[in-house]
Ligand SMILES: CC(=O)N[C@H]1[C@@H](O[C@@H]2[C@H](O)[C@H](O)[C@@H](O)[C@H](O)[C@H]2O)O[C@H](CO)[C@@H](O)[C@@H]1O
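Before any questions on how it binds or moves, here is one chain, the form predicted alone, in structure tokens.
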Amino acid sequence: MTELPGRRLLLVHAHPDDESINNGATMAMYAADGAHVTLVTCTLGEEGEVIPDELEHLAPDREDLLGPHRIGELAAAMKELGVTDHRFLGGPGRYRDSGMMGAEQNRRPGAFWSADLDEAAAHLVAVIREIRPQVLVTYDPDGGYGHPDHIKAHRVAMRAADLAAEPAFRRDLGDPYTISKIYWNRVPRTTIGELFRRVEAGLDRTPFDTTATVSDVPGVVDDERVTAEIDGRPHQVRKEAAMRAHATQVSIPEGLGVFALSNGLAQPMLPIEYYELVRGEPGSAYEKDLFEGVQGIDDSNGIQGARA
């Protein structure tokens, strides 16, 4: 394996655009700081609604070409964030977007929601054993807001972390490896409430007529559940550019700190991103670095060494 930087971050997301909205500033910061950032996206997002009128022909009920188009959007977003290692679980198109919970697409052949858990997790085990990340970021058990693909991405990520460490599991996928720390995406309730008040106060300066609500934001929890934050404000412009690259899904006016999805409801962009440590030892009571307390990896001798 090509020798990688000592710090390695793996993120598991359901659809293209989820990574830029939830973790774009974090990814940009660590990439700029020399860490190896790997993104695994579980579907192509084929069932997403299309915002620009000129691209409506891509929609699943028309030409059904949204998935291939979103591959290009994701590549453009990763270029903006400086992330060079981005993959689709099992390869592009292996699993299809399942649509919203209860939709007939949940049961469509190849839908991610109906995929065998261990089969899907095995694809991620191969990545974990190849990259050997110290830190994994994914969703909570509800997927942040109940979307079946987000829930399944959570289950696949957590199952793969367990299986990757199991010596008896699929040695053809590489040597066993244990991830040091696992985080779930979070948003503190007090913070997002204040940000929404600011969006509402300045709504007349945006192209949007109405705001979303706190309940529309994935992963909102009481403040005490949040154990880490990444101050990505120096990389806010890069996060905005990455979100803008997902043009079929995100509308984001430049420099206003707000965006909207296909519902057209304004919500705040988060340049400071928040996390809950759910596995592993914290480096401090409230972390400002997801790698706090973990060691770097030296591939030249195959062992972990102290972080510089």
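When you see a residue number, it is the position in the sequence shown, counting from 1. What you see is a predicted model; the values in this text were computed from it and never measured.
Separately, the form predicted together with the ligand exists; it is not shown, and the next lines address it.
Figure legend: unbound chain with the ligand modelled from its position in the predicted bound form by local C-alpha superposition. Site open, with zero ligand atoms within 2.4 Å of backbone or C-beta atoms. Contact with the ligand in the predicted bound form, judged by any heavy atom within 4.5 Å, is made by just one of D64, E49, D33, E276: E49.
Heavy atoms within 4.5 Å of the ligand in the predicted bound form map, among the stretches 24 to 32, 260 to 268, 237 to 245, 277 to 285, onto 260 to 268 alone. Although the partner is absent from the chain shown here, G45, R70 and D97 each have a heavy atom within 4.5 Å of the ligand in the predicted bound form. Residue contact with the ligand in the predicted bound form: R186 places no heavy atom within 4.5 Å of it. Taking the partner from elsewhere, H150 is found to have a heavy atom lying within 4.5 Å of the ligand in the predicted bound form.
With a 4.5 Å cutoff on heavy atoms, Y145 counts as touching the ligand in the predicted bound form. The ligand is not shown here, but in the predicted bound form it comes within 4.5 Å of a heavy atom of Q249.
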